[in-house]
Each structure stands twice: as structure tokens, then as C-alpha cells.
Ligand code: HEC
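The chain below stands alone and is given as C-alpha cells, in the form predicted alone.
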């Protein structure tokens, strides 16, 4: 670790976190170079659209013992407009909030009578990207549901809790040191405005939970298993924190 990077990490570990004023919130899109922004803006250049196309095929396929497709219940994908900006949402059957990926799998197991897709699988990401795309330019609007309160508080606690060998919290990077440089990259505000997202680093589409897992590993903390309630609570808090911001999925990031 070079001296400059070590000094910034030390600064992060000693500062107290402070929430970002609403007027100062910005998507990570605005921290990217013009070429990557252009890639996201043009559906003919955005590599995430390959997953969206796969999602359109899956949407129409009848699957499982029930022999039903997503379209049989929901109609055209455009009927999903405004859905992604409201997740995670409370699930009666699970008695807790679930992510959009988990809702897709819930439909698959309960309605189609088919096995759930694996987390980060091509199939699950494709359907998630298709649904998310229908809410482009809609404002993030997490549900105002009192049943979510304790989970929201748990997500906020995780965001602000120091953890890992570096003794860092999410807030110390993405609130206190937002806009600064770390290892040559601008530290974003960590708003979930573009997920699922195509990262050039991954050369693939990935979920918000994959990105959160990367952060935990970077902090040298133990990551949760995909689908863990801890991730969903953190997603819920991040969506609440970004309420009112435009949704831009599927996004592209470096």
C-alpha cells in the first residue's frame, strides 16, 4: 500500500459520517468519463442490453410444472413500469423484505413451479435487467411500509458500522469522502440508481449484491451469502437513501 492511499484510508477511519444533503446527491454516472457515459446512454452500445434481450425471451417462455410464462401472468414487460424502483419490498410469504431478484425467483417457484435461478446466473440477471429497464427515468420510490422499519434500521446500521480488518464503514467512504480519489478512482456516493449494472471490470452484468460483496471484500470483511437478509436490508436502506433520484438501469460503470 502506498503512502498516499494509506493516509486516505486512515482519514476515512477517523472521520464521523454525515448524510449527504439531498441537493448534493449525484449518481455515479456523473463521475464517469464521457466514453463510458456514452456507452450507457446508447442502447446499441450498452453491453447490458444483451442480457435484456435474453430476458425478453425468458419472459415469453412457458416453464416449470405449471407450464406458465411471465407474460401469462403479467402481460408485456412494459407492465412492469415502476416496479424496480419499489424494491426491496415486504413479502407476506417470507415475512421480511425481498429484493427484485428474490421476487422473480418467488414467482418462478410458486407460480411456474420451477427451480429457482442461481444468484448472479445469466437467467436471473436477464429477467432482472428486463424488469429494471421498464423503470428508466422513474424516481426511486421505496415503499412506505411500517413493516419495513426494523429492516431499514438494520440496513442503516450496517451502512454505518465499521467492520473488517481495515475497520471501515460504507459511510466513511461514500459519504464522508465522496468525490475524493482512491487508487486513482473517484469515490462515488453509492446510490443504487443503475442496477443490475454492467461493469467493465467484471466484463459482465452484476447485481447490487455483487457490488456490495466486492466492497466488503475490499474492507477485508467477511461477505454474506447471496440473498442474505443482511444484504436485502442494506439494499433497502440504500434505496431509501436515494429516494427521488432517477433510475437508470441497466447502467454501465468502469
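Since we're looking at a predicted model, the values are computed, not measured. Numbering follows the first chain given and starts at 1.
Although not depicted, the form predicted in complex with this ligand is the subject of the following passage.
K.L.:
Decide yes or no: are 103, 195 and 238 jointly within 4.5 Å of this ligand in the predicted bound form, with each residue judged by its heavy atoms?
P.N.:
Yes, each of 103, 195 and 238 comes within 4.5 Å of this ligand in the predicted bound form.
K.L.:
Just to confirm, residue 148 within 4.5 Å of this ligand in the predicted bound form by heavy atoms?
P.N.:
Close contact is absent here: in the predicted bound form, residue 148 is far from this ligand, nothing within 4.5 Å, heavy atoms only.
K.L.:
Spell out, yes or no, whether the shortest heavy atom distance between residue 168 and this ligand in the predicted bound form is within 4.5 Å.
P.N.:
Judged by the heavy-atom cut-off of 4.5 Å, residue 168 is in contact with this ligand in the predicted bound form.
K.L.:
Should residue 112 be classed as touching this ligand in the predicted bound form when contacts are defined as heavy atoms within 4.5 Å?
P.N.:
Flag for residue 112 set to yes.
K.L.:
Is residue 210 part of the interface with this ligand in the predicted bound form - any heavy atom within 4.5 Å?
P.N.:
The answer is no: residue 210 has no heavy atom within 4.5 Å of this ligand.
K.L.:
Tell me, out of 83, 140, 154, 116, which residue has a non-hydrogen atom within 4.5 angstroms of this ligand in the predicted bound form.
P.N.:
Contact check passes for 83.
K.L.:
Determine the residues of 179-217 with a heavy atom within 4.5 Å of this ligand in the predicted bound form and present them in sequence order; the list may be empty.
P.N.:
Contacting residues: 182, 185, 186, 187, 188, 190, 191, 195, 199, 208, 211, 212, 215, 216.
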